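The form predicted alone is given below as one chain in C-alpha cells.
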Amino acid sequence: MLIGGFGTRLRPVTYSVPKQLIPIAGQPMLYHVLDLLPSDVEEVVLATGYKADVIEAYVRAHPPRWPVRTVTEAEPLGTGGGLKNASEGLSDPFFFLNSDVIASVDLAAVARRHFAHGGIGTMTLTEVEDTRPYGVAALGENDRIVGFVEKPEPEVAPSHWINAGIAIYGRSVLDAIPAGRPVSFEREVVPGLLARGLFGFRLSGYWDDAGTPERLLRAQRLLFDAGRGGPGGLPAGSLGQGPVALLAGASARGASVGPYVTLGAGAVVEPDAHVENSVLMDGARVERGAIVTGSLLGPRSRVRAGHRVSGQVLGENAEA
C-alpha cells in the first residue's frame, strides 16, 4: 500500500499528522482502506515516506488483523518508485492500493477476475464527470484497457472511467519499474503493461479520494451512510442526530452534535455549541456557543466561544 505523500492539500493539519491517520467516521483513513482487504491476505506492506515514524508507531500501537511491515523511502520516489522500493517479498500476485481511497469494493471479486483473464493486472475503475485530476482508461472488449491517459480534459478523455487507486498485479510488473529514481507508475509503467493484458474492473458502489478537506468530509459521509462508521453515537447529554463517531473521552454535554461528525479522543464540545459535518481530532475543543460546520479541527485546536467556523482546516494547537 502506498502511504507516502505530504498531504499538502490538508495542511496545516498534515504538518503534524500524516493524512492517513486523520480519523474519519471513527477511525484513521488508513484503517478504512485496510478493511477492504480479504481475510486471506498474508501480510500488508506499507510503502512510507513522510512522517513514516509516526505511521509506524501508530500501527504498532493499534495493530490491524494482518501482519504489517513498513518500508520507508529515503526521498520521494513517486507511485512507481515507492512500489519498487517496497517490492521485496511481495506475493504473486499482489494488491496495490492507495492509502487515501475510500471505496466500496469486493477485492476477492477483483482477484477472481484477475485470475480468470490471465493478464498482467486488473485495475479498479470508477466513473466520474471531471476527469482532469485522474488517469483515464480507454476500454476495449471485456473491459481490457487499450489506452490510458493521465489527467485529460473531459471533452477529450477516452472515457469517464478513471483509475480508482486499487488494483491487483502479477509480480512481474515490478520488472518494468526502474530502480533508484522517482517513477510515476501511471505515466511510465501503465502504458507498457497494456500489451500484456491489463483489464478494468468497474466499481458500482461509492468511491472517493480523500485528499482534500471537502473530499475527506464527503468520504466520511459515504462511510457513515454505508454503515462503516463508529464507534459510539451521540455523546451523553447532547442533542442532535447521528451518525456520530465518538472516541475515548470525547464529550459534548449540553451541545448539539451531528450529523456526520467524528469526535476524537478527548475532544470537547461545550454547552450551547453546535458541530456538524466535521472532524474534531484528539483534544480539540469547541467552546460555548460556537458553531462548526464542514471543518477539520486538528489536535488540541480551539474554536473560541461564540465564534463560527465553516469550511476551515485548523492545524494542531490553532485557534479560531
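Start at 1 and count along the sequence shown; that's the residue number. Remember, predicted model here, so these are calculated numbers, not experimental data.
Absent from the display: the form predicted together with guanosine-5'-triphosphate. The rest refers to it.
Put simply, of Gly200, Pro235, Gly82, Gly229 only one has a heavy atom within 4.5 Å of guanosine-5'-triphosphate in the predicted bound form, and it is Gly82. A residue is said to contact a partner when one of its heavy atoms sits within 4.5 Å of a partner heavy atom; Ser159 fails this definition for guanosine-5'-triphosphate in the predicted bound form, lying far away.
In the predicted bound form, guanosine-5'-triphosphate sits within 4.5 Å of a heavy atom of Arg9. Within 4.5 Å of any heavy atom of guanosine-5'-triphosphate in the predicted bound form lies no heavy atom of Pro191. Among heavy atoms of Gly78, some come within 4.5 Å of guanosine-5'-triphosphate in the predicted bound form. Heavy atoms within 4.5 Å of guanosine-5'-triphosphate in the predicted bound form belong, among the stretches 236-244, 111-119, 94-102, 217-225, to residues of 94-102. Residues from 1-30 that approach guanosine-5'-triphosphate in the predicted bound form with a non-hydrogen atom closer than or equal to 4.5 Å are Leu2, Ile3, Gly4, Gly5, Phe6, Gly7, Thr8, Arg9, Lys19, Gln20, in the order they occur in the chain.
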